[in-house]
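What follows is a single chain, given as structure tokens, in the form predicted on its own.
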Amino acid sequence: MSATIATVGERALIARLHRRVPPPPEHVRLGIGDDAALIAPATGRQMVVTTDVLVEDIHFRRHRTPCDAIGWKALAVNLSDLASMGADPTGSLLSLVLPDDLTLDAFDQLIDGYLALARATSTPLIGGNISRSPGPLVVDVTAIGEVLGRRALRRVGARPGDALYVTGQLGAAAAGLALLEQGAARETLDADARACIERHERPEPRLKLGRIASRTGTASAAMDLSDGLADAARQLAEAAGLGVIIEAAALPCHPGAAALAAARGESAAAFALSAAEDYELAFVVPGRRTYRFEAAARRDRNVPVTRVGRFTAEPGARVEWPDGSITELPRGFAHF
């Protein structure tokens, strides 16, 4: 059985982590090992800073979630925020609050997952902290990025008649979580269901599409779908003092999510609207720029974009169903 972190000690854990982190890129003037890191921002760019936390038994269950997936997701949810702003990642800080019974193998796997996504997205780990937890495992991350001056995509910016687009497919992560909570055996599931679990455990931040939308100037606002499309659409509309209508028939529901919804007797569209943690992006696109936006988005061949709604001068958040009926947009996920 693997030794626990309590038998090793804080300094040894930090040294163990440090040995596995590659040398920082040139813009990181000082990385791990000092009281703080030093980053040299590029001329003409703004810094973008975000933070998010994963807490055991709130965001994941340690007994059923691979530790490398915990590390991957902790960074991914922060990079998704940078993506929504159109930013390039330039560094991250990782703070770990660790229970005594965490094994060294589990610690190593968590770092493996974190560094795998860090390498894939060119996001150097430049510092952080390790502390002891009397209970749950807590993984707290701060991500730093840069965006061209005046090109940051904010939540405010929609105007009446603007279109709402989303990236990828919706509902997969929520379906994956539901399958895990049902105790589904992964090896018995079909490919779509396994893909939903993968999406829940290892979301892929849409950094490329965020950069494309920012640099081409084709989107006027954006938000990531951490708490679902219904939540993002409502917040984008409220930030601009507008209303929004989602077209249910246009929603790109993941086939695994649609299958789960059907098994529950639910509408796939209703499931996709409220499903959280997909970490896709929602873009506001002015009507005169929709063709340019769609053409620019095709540069990311792996991730489609879909027009799913429109903003209105009349306040309120609504859904237009295929039969022509219109109802209030459901609320997205909320912690409290």
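Quick caveat, the model's predicted, so the values are computed rather than measured. The first residue of the sequence shown is number 1, and the count goes up from there.
What comes next is about the form predicted in complex with a further copy of the same chain, which is not displayed.
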Identify, from the list 198, 88, 81, 204, the residue with a heavy atom within 4.5 Å of a further copy of the same chain in the predicted complex.
81
By the heavy atom within 4.5 Å rule, which residue out of 269, 69, 296, 37 makes contact with a further copy of the same chain in the predicted complex?
37
Do residue 131 and a further copy of the same chain come within 4.5 Å of each other in the predicted complex, heavy atoms counted?
yes
Quick check on residue 50: any heavy atom within 4.5 Å of a further copy of the same chain in the predicted complex?
yes
Does the 4.5 Å heavy atom contact test between residue 108 and a further copy of the same chain in the predicted complex come out positive?
no
Since only the chain is shown here, I'm wondering whether residue 17 would be in contact with a further copy of the same chain in the predicted complex (any heavy atom pair within 4.5 Å).
no
Which of 251 to 259, 184 to 192, 166 to 174, 93 to 101 has heavy atoms within 4.5 Å of a further copy of the same chain in the predicted complex?
93 to 101
Can you list, in sequence order, the residues from 199 to 238 that come within 4.5 Å of a further copy of the same chain in the predicted complex, counting heavy atoms only?
222, 223, 224, 227, 231, 235
